[in-house]
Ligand code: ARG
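A single chain comes next, written as structure tokens; it is the form predicted alone.
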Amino acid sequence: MKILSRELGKLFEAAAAVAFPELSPDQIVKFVTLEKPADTAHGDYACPAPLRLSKILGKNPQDIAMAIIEKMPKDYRYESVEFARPGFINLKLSKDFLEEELKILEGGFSVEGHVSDKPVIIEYSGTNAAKAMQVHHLITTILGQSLSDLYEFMGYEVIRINHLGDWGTHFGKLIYAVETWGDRSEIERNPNSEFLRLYVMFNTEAEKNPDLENEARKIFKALEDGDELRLAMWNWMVKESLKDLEKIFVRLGVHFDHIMGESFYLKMADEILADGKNRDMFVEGEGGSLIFNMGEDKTPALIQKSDGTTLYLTRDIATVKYRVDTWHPASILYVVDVAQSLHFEQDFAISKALGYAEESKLEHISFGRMSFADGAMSSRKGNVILVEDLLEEAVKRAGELAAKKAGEMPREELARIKEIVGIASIKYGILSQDRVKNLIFDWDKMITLEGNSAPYLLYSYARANSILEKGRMELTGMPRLNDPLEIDLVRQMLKFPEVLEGALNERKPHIIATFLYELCQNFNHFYGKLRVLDASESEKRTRLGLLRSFMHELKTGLTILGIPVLEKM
């Protein structure tokens, strides 16, 4: 399907250009746009151009509107184009066009894709090796996967990258803890939980004996210097940790094209330092450190410590250079929480100054923090909420909800349903909220058959499927829309391509979630008011077509959000 607002918008632009040749092409594009009316009773689209252009043209909005309307071509897609005060042009789609589009929707849903010879790189998850996956990594993992799937659905080539945190001073502490208190066989049975336990143990003991911190620093220094025994231990720890993380990724339905650790860029970071120094972009700071001047009234960026070691920032600049040199992307999106805004401001500024991202757009897709009633989380003290525990709790609660509706469902089927509903509830609970705001985790709002929740959407799909199966018939001939509820449902479904485009442009999956929730509300209202299976043959044909189209569209949206549908629930 084409994005209807874009197609009709071209007609308005052409009409305005003919009616007012004094307007420049830039003014036409800027001011002649289509938007959703506040009240759909006024039409399907509203053009605010008359109001916006009145000052520029020095004319009355109504006169501007009538001049544009006069130049609009006859088009079967709309039945009326009318002026509305104080300065809008309202367009109402025609019934014939809606029936034609419903016929198309019955066969499935797709959007005309974008044509680009360059890929989009999306970095998300950023999980830490040798640590149990904690809940603050859940948002980036779920959000990044959904954005990747949205881009791909809209026709882009997507390269999904997990920038694994597999380097840093904490490995000195972990190696010490493993060598002192660890059991290798126990670690291999349950890697990340054991690593977390040992990490917490180290910090507890270090409070009693501060010399342990020095021992950990010595171990990490040996690791940086290439000590073979330390590197072997580090490699084993990362390998075992990834096995554990992969189980969670599979359960979440998350996948990556590349999992590339921070350690991969260590040598490249040294090259970045040499390049910046050779071009006098990095200057000496306190104690022999190297800094990059970010400009007036901005904190300088530390690029190299006084002891000669690189930082996370240095290595992140190296990732930009490597990715641009390797894949030549149109853009690189970093799905990372808002706390890292300064880091990315520095990363992007330095990467551009060095010429590493001249043709690639760098963008930080920030999101708010997740908060729980029990307060802040800290891996140092072990006061954390682990993703694995969160998933188990979600599945348990989904099982309790499903048991109320399942009746005599086989145990295996109930287990499958509660797993899908539980994971879906967490995903949707995150994705249905605006990413730029802080998220409060609320079980009661997430796992319920009422309100804006995954179970409500999944139940709506299963309900439609049940009706469709009972009313099996070949949908031949053109559907005929007669009832206002039928027409409203089609009008709403036709907006889906615009919703996807808007979610893509703003990098906000909650726009899709909101649409799907409203679509399900509309469907349930339609089904509650109109007969389907015992309607007349003509009505039955049309209404079954509406059910099938609704299911196609809901399934498409949920799939982009990483949620599989259930045919029975």
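Start at 1 and count along the sequence shown; that's the residue number. The structure displayed is predicted, hence computed values, not measured ones.
Beyond what is shown, the protein has a form predicted together with the ligand; the following relates to that form.
The closest heavy atom approach of H343 to the ligand in the model of the complex falls within 4.5 Å. The ligand in the model of the complex comes within 4.5 Å of no heavy atom belonging to L98. Although the partner is absent from this view, P119 stays clear of the ligand in the model of the complex, with no non-hydrogen atom inside 4.5 angstroms. Interface residue remark: N293 is not counted as part of the site for the ligand in the model of the complex, having no heavy atom within 4.5 Å. Each of G165, Y312 and V336 is positioned with at least one heavy atom within 4.5 Å of the ligand in the model of the complex.
Contact annotation: of the candidates D244, E194, E486, E123, the single residue with a non-hydrogen atom within 4.5 angstroms of the ligand in the model of the complex is E123. When the ligand is considered in the model of the complex, only one residue from R230, H136, K103, K221 comes within 4.5 Å through any heavy atom, namely H136. Screening 247-255, 462-470, 123-131, 149-157 for residues having heavy atoms within 4.5 Å of the ligand in the model of the complex returns a single hit, 123-131. Although the ligand is not shown here, in the model of the complex the stretch 417-442 places no heavy atom of any residue within 4.5 Å of it.
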